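Just the one chain here, the form predicted on its own, laid out as structure tokens.
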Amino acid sequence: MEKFDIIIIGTGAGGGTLAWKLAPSGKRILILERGDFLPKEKENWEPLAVAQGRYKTPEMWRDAAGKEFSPYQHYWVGGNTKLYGGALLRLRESDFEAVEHWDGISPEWPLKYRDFAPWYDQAEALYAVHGARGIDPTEPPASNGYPYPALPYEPRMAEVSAALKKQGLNPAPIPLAIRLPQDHNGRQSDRLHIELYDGYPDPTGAKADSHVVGIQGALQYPNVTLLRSRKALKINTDTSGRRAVSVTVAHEGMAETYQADTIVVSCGAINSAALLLRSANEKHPNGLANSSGQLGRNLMIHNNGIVLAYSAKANPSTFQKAILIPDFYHGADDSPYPLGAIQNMGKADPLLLADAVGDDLGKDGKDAAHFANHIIDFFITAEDLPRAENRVLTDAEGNIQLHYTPNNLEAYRRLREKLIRAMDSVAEIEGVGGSTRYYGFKLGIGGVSHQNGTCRFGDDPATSVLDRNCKAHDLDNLYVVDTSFFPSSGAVNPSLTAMANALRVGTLLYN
């Protein structure tokens, strides 16, 4: 049996970036991915096909009551980044400190923003982030500008941004990971050639995900091997329990085992915890790397929600993922505690609006196409706090069960109200006051695209799963490199922090 220097399990934001970082080292690297390449097909950009879950896993998870639900989870080369919106934001400086919230304390990290700052720089460059510094008053310090300038707003979004500024707010461009075509002089075009970007697969490769950036980059090196359609079942240790020696996977109904000197788990926060729990043995009876009892606990998925703002003024934008409203991240004049972040999301297709608009559909002759052409779509994120009782469990067959009770909901409620008041004021400024109506919903337990926190890192093996370098306290050669390591979630998309951390840990594993 061939033995590798490093096995990386998973190809998402953590695993894909780590593979890219380690590929030039010359080490024999095996990447194991439970999914296959996402097919390039016409359904990539068919809203109904995507909404009906064509690319989402068909597996069902269970909640604390044993009720099945369908998670927003994707198993492809590139992991969840194949359908992410490409919003790559840094955690704020305060997110690395202990912060008081409406529902408790968000804990301090063992490393600070300054420790991640250079890796954020590198991750933004690697993933071709377009943005503009100096507009968002909450953004942390950076040693340079974004690698590429912010994408230009479409006319309607420029109008909304101007109206928000008139209210004293600070709308800023969302930092986006997108690789625009270049002209013959190597200059990037400012013309967007994709409209369905947020929540859709991108067959053009313009969206900078961890497949087209990380894995494709890593596979340019002959020392890197990618094996697809292999679900990791268990990590095996030596008799001492101190070293992970191999990974057993399922492939076409058969079990295969691969050996390595170093094993890195990068399956996403929920599946990484589940894999380590399934890997229990005599030396690790409660799961691999779980002497603290913290494995799988402190699951965070954010208080995320969709708000659809209908106005009498039309919104013909095609690429709407444009504006970040950061002003309430640290609080507000009527809130001493942080609220969160507000962003545009991609435009909803008319076919998908019926459930959101409900009984208003068809009133006064307003059909789905009318609503779609008058709605501005927002995604709001408030922090949820780590709770030991919010956790990942596995049953005897290894199936996933999530025990999750939302917390810090007051921040979410107030953030939604801030957005509604801001958009009401936009309508007043534009002379169509009173015409705005709001639709949407808060994501439930299945909305796990921002999952993190199940293998928190820290200095004390009694209270954390990983050390500062994301190595398991209990083993000498096992690492977890994805969003599992977060002690707290902040209120921005976690992808960039996972990428930056993968570059940080990759530097330690390189030699």
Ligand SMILES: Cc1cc2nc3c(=O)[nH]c(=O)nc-3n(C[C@H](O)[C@H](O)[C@H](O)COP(=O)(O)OP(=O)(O)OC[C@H]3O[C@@H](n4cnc5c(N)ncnc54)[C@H](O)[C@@H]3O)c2cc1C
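Counting begins at 1, following the sequence as shown. Small disclaimer: the values here were computed from a predicted structure and weren't measured.
Just so it is clear, the following notes concern the form predicted in complex with this ligand, a form of the same protein that is not shown.
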*Every residue in Leu83, Asp198 and Ala232 with a non-hydrogen atom within 4.5 Å of this ligand in the predicted bound form?*
yes
_Only one of 412-420, 74-82, 380-388, 142-150 has heavy atoms within 4.5 Å of this ligand in the predicted bound form; I'd like to know which._
74-82
*Is Gly10 close to this ligand in the predicted bound form, meaning a heavy atom pair under 4.5 Å apart or at it?*
yes
_Check Ser449 for me: does it contact this ligand in the predicted bound form (non-hydrogen atoms, 4.5 angstroms)?_
yes
*Could you tell me if Gly268 has a non-hydrogen atom within 4.5 Å of this ligand in the predicted bound form?*
yes
*Heavy atom of Leu277 within 4.5 Å of this ligand in the predicted bound form*: no
*Which pick from Leu299, Ile342, Ala123, Leu88 sits with a heavy atom within 4.5 Å of this ligand in the predicted bound form?*
Leu88
*Any residue of 377-394 that, in the predicted bound form, places a heavy atom within 4.5 Å of this ligand*: none
